[in-house]
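One chain comes next, on its own, written out as structure tokens in the form predicted on its own.
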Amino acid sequence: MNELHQYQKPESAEALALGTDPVPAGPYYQDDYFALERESIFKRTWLNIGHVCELPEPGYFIVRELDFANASILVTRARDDVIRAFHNVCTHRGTQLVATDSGKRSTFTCPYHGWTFNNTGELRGAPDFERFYVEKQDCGLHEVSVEVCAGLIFVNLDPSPTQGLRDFLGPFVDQWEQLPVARATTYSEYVYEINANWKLTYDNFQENYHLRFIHARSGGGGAVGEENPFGYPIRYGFHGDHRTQEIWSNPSPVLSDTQKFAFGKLIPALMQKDALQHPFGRSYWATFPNLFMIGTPTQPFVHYVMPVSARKSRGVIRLYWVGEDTNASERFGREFSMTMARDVHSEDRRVIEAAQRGLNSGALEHIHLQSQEVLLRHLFTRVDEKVQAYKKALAGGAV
């Protein structure tokens, strides 16, 4: 075993404290466990759903569907420049107000009975309102907790979150605010649905054990090498519910001619916009429960995986860019970065869904994790701690 492999073995006290036993397979496909995750985690945790560049000035809005909660969330920027979030639900009889994903308007009118709300959530008018037995000020849209960090918009469905977003993110805040994502003005996006549990889907992006087998054609040449045939990270970190790793940098990457051309066009543009001037180019942040971000400026990567059911998820991959394309070469570089991300993901998708089908059979009671899959174990442990605590509170009548 060479020196690099010895250095990469993550046998720290924190890693070993997570245990080495197999983990149960049931939580990756069982409906009852998913129901507990939904209540104990996803309805109580800060979740990234967008970026401030989607709300560049007052009047802009976005709508996000959170299937796990049967919730539709309306996010607005009003004349006071404050970003607010509401349930996309008319307070008259529950009709969804907005049927589009985004747009610009100062008011929202219910298509059923014409109740009209402004973008601060106040009810401004309703036909024959004098016949109701309530005051307008008591009929505003129901607010959802919303906060922003490094340009990323997070919501929390808990009416009274136990901690603010910045406390939740901890040391990530200062690091993220040095990244181009904090100054991003536009993005490339890829949304996918996958027949797989959210943890199984997310876990694929927490380990590099599969790189040389699954991505030999699309990306393995740049991510693995003789010194590190699996492309294992060089270090891991644990930060409460969150995790980090530092990605290994291949000193002799094998790149295709197209990759060389695309990145050769993109890097000068990034230099002009100071997008290369941060110390986190090989950093990876995994934020509980479902978001991860990579600091590399040529693929400024943000990816979250939203649960839909116990065996289905929806993922959103975004590359955030500073400024519009200034020339055809920069446009090509950006488009290639997203094309490469989609190409790699298409290879992942096939095996993730195959793994889910295997787990759905119930053939396995446990799954085995090696030391380099410690981030998977950390996520599973943190999820299960919250699920078990919720079950205990539920049994005691505290929920």
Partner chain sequence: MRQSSLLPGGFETLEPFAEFWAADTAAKRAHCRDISNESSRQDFYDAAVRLIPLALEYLDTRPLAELGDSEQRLMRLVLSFGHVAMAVELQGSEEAEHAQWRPFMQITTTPADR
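Positions refer to the first chain, counted from 1. In this text the structure is predicted, and so the values were computed from the model without any measurement.
One more form of this protein exists, namely the form predicted in complex with the partner chain; it is left out here, but the text below deals with it.
- Contact check at 4.5 Å (heavy atoms) against the partner chain in the predicted complex: all three of 192, 217 and 321 pass.
- The contact with the partner chain in the predicted complex, taken as any heavy atom within 4.5 Å, belongs to 336 out of 68, 29, 60, 336.
- The partner is absent here, but in the predicted complex a heavy atom of 326, alone among 326, 272, 137, 107, sits within 4.5 Å of the partner chain.
- Using a 4.5 angstroms limit between non-hydrogen atoms, residue 359 is distant from the partner chain in the predicted complex.
- Under a 4.5 angstroms non-hydrogen atom cutoff, the partner chain in the predicted complex lacks residue 42 among its neighbouring residues.
- In the predicted complex, the partner chain sits within 4.5 Å of a heavy atom belonging to residue 265.
- Under a 4.5 angstroms non-hydrogen atom cutoff, the partner chain in the predicted complex has residue 258 among its neighbouring residues.
- Only one of 370-378, 346-354, 29-37, 42-50 lies within 4.5 Å of the partner chain in the predicted complex by heavy atoms, and it is 346-354.
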